[in-house]
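Okay, so here's just one chain, in structure tokens, the form predicted on its own.
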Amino acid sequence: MADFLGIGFQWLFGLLLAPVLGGAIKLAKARLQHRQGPPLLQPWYDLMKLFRKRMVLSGTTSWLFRVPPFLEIGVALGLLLVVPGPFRAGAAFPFGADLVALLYLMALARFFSALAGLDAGSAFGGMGSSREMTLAALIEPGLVLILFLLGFKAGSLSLNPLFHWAAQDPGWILSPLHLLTGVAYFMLMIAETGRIPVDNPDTHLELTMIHEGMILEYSGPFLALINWAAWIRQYLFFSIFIQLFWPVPAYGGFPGPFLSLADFCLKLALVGGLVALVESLLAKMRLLKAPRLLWAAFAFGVLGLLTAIF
């Protein structure tokens, strides 16, 4: 019963906190650039405004354009059940193929979003879908390599024992494998969540759009669902990074769950601050140069594999 309540609370926690994390990154970036910045809860204000607006749909669109918003938010909510949260209550579905489920669910949502971008019939939608799938083909090999390497190192492909191994093994933090795969995962996380220098979630310039180009034709509640799903995916990627490479220690006793939550929130804020610092120091790179960054991340993963073998 306690585990059930813990899973339910950490699912609700991720659902509500994900947009706030997006707002915190925007606010931190604005303060680093000596600007006032938007309120911390601005993403929630935007979601509420979009849910109240009327949708405008192109007459050329079919069911392929209407399904992805529901599919994206459904996949994001499902991933919140697959990925263990900060309370150590585990995942709601701790079956043995969590890593496979994680990767396939993300690929499924991206595939239908790319189809929707093409279905809209606009030049920007097709351009965004093409760019998104090109980058996905470069991101996924590195991500698969890192996660499966750590899964085999932990002796399980399920996220529950994988996170438990990362938190309990004292030698893991000091190993070269930790440094190499941690750097590789962070670089891929930047690309996967559409952050600078690979993508810019705040731009609508036709020459620089990637993910935003793919969803440019959406409006109203459909756009709200897509944005909410993107923030949840960002929260999950940050959560996996923390629990694998900067794990929350096991706090015992009554205040243990609250200490775990405070520790997790502090690390989440620091990772968000690091992303804001990277975005303030770097400019968005040209699309043709993005593969170099992703291949560099893959090379770090291969070096990690070599250290694990030898």
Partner chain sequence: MKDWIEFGCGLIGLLYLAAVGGAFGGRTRQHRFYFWSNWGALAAGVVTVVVALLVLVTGVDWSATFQGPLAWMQLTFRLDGLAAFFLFTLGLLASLVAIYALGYECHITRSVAIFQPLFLLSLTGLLAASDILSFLFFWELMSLTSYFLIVAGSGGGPKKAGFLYLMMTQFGTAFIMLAVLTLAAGSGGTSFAGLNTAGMAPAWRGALLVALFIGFGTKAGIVPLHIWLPKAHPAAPAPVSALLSGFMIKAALYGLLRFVGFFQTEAWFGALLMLMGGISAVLGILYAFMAKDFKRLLAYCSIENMGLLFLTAGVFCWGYALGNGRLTGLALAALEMHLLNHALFKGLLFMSAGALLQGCGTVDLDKMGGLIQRMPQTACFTLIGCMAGAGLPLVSGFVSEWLILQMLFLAALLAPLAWMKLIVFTGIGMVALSAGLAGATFVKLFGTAFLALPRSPQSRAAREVNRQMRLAMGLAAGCCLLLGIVPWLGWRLISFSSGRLGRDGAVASHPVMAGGLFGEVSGQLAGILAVLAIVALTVWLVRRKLAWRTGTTWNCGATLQPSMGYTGTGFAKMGRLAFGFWLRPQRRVLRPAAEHPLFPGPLEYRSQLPSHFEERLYRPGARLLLKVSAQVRRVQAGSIKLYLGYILAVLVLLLIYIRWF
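Positions refer to the first chain, counted from 1. Remember, it's a predicted structure, so these values are computed and weren't measured experimentally.
Below, we turn to the form predicted together with its partner chain, even though it does not appear here.
Partner contacts here mean any heavy atom within 4.5 Å of its partner chain in the model of the complex, and among 137-145, 177-185, 163-171, 235-243 they occur only in 137-145. Contact check at 4.5 Å (heavy atoms) against its partner chain in the model of the complex: none of Pro19, Tyr45 and Ile226 pass. Of the residues given (Ala262, Ala269, Val56, Leu281), Val56 alone sits with a heavy atom within 4.5 Å of its partner chain in the model of the complex.
Interface residue remark: Ser122 is counted as part of the site for its partner chain in the model of the complex, having a heavy atom within 4.5 Å.
At the 4.5 Å threshold, heavy atoms of Phe222 reach its partner chain in the model of the complex.
Its partner chain is not drawn, but in the model of the complex it has a heavy atom within 4.5 Å of Ala114. Its partner chain is not drawn, but in the model of the complex it has no heavy atom within 4.5 Å of Asn200. For the partner-free chain shown, nothing in 238-265 comes within 4.5 angstroms of its partner chain in the model of the complex, judged by any non-hydrogen atom.
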